[in-house]
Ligand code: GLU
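Have a look below at one chain only, the form predicted alone, in C-alpha cells format.
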C-alpha cells in the first residue's frame, strides 16, 4: 500500500520553522518511499484561524519546494461529520456529557496544587444517569463531551524513530475532552484529538510524522482509533528544534517564521537543506550540502535523532553561503538587481551588473548582504579613521598624483593590462611597495583598507567614470 503522509497545520499564525521542518520530513519520507504528501488545514478554531495565515502557510511551503499531491482539505468543512461520530461515541457510552463549570475546575486545580498533585480531571460527571443529564440540560447548564479513559489502560506503539513507547491511562490527565462547550443537548465543535483521528482515517493517512510534543496526544488518539475500529497508522515523533538555551524554539527567539528567513535573504534550497539537518544527518563522510532531490534519496527515518536539535545560525549561514557561491551568476544577478532597484541604484549596463555580481558573489552570506557589499559601487563612501591615518602617514599624495597622471595618458576605457601597467610602473619608478600603492587605491575607492578584488573594482568604477574622481577626492582630503 502506498504511503500517505500529511502536514496538518493550524492557520493561527505564520508558517513556523518547526512546522516547516515537520513538513519537510513528511515530504522527504513520502518521496523516498514513492508515497504521497498531503495537506489538511486544521481551522476548526474559528476565533483564531485566519485565511491570511492559510495563504501564508501554502505560499511558504511552495517557496520551500514542498509541493503536495492532492488539493488541501479544510477541516472546518468536515465538522458535521465529526459531530456525527461524537454522537456515536455518546450513544455507545464511550463518551459522556461533562457539566463541570469553570468555577469547579478552578477549585479542583487549587486543591491539587495545594496537595502537590499534578493537574488531572477527576471525572466527576462520568456516571450521571439519563435523568440527571436531562435535569442539568433543563437548568441551562453547558457541557463538553468527554471520552472515558480507563486509568488501568495500557497504550503502546512502535515509534519509527523512538522504538517502543508505552503509556498508562492514569497518566493522561483524566477523561479527554472531545468537543467545545455548548448549551442544551447540542454537540460543540470538535477538538484536536478527535478531529485529527477522524480526518486522518478519512484521508487514508497511514504514517504520521510529527513533533515529540505530540507523544501524549498520540496515546490519547490511539484510544479513539480503537474505539472507532479504525486502522492505526505508523507513528514517528521527531525531535524538537531548540534555542541556544536548550529550550523549545518559540516566537520569543526572534526569527522563527519562514517569511522572516525569506526576507533576511536565505535561499529556499539552503533553508530546506539546513532544516533537514535539524535532527537528521547524512551518513558519515557524506556531504552536508544536499538539494531536495538528493535529500529525498538519502533521508531515512532510522537516522533521525531522538534528542532535540539546537538551532545554529552559523551553520545556516554557512550553508546559505555555499548555495550562493554555487549559484548561476546570471540567476544571482537577477536577484541582486531587485535589491538594487529597491535602493534606487542604477546600473550602467547588464554586463556591469553581472560583473559586480561575479565580484562579490563569494562574499555574500545572506542575500541582503548585497546591499552593504555593493553600496561602495553606487555611493561614494566616507573615509574611515584608519583610512585617514594611512593617508597622512604613507606619502600617499605623490602616489595618487602619479596614478592620475598615468590614467590621463590612457584612452577613456581601461582594461586589466592598463591597470597592471600603472601599478607596475609606479611601484618600480618610485620604489614603492605594491602593498602601499594598493592600500592607497582601496582607500580612494572604498574609504577603507579592505574590499573586494582591486583590479576588478577599479574596472567597474572606471566604467561608471568614478575612478578618477574618487582618487582626486583623496588628494583633496590630504
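Residue numbers count along the first chain shown, from 1. All values reported here derive from a predicted model rather than from experimental measurement.
What follows is about the form predicted in complex with glutamic acid, which we do not show.
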item: Candidate from 210, 97, 82, 220 lying within 4.5 Å of glutamic acid in the model of the complex - any heavy atom; value: 210
item: Residue (of 126, 337, 214, 397) lying close to glutamic acid in the model of the complex, criterion heavy atoms within 4.5 Å; value: 214
item: Heavy atom of residue 192 within 4.5 Å of glutamic acid in the model of the complex; value: yes
item: In the model of the complex, residue 267 touching glutamic acid (heavy atom, 4.5 Å); value: no
item: Partner contact for residue 8 in the model of the complex: glutamic acid, 4.5 angstroms, heavy atom; value: yes
item: Partner proximity in the model of the complex: residue 347 to glutamic acid, non-hydrogen atom cutoff 4.5 Å; value: no
item: Option from 397 to 405, 370 to 378, 192 to 200, 131 to 139 whose residues, in the model of the complex, bring a heavy atom within 4.5 Å of glutamic acid; value: 192 to 200
item: Heavy atom contacts to glutamic acid in the model of the complex at 4.5 Å, residues of 34 to 55 in sequence order; value: 42
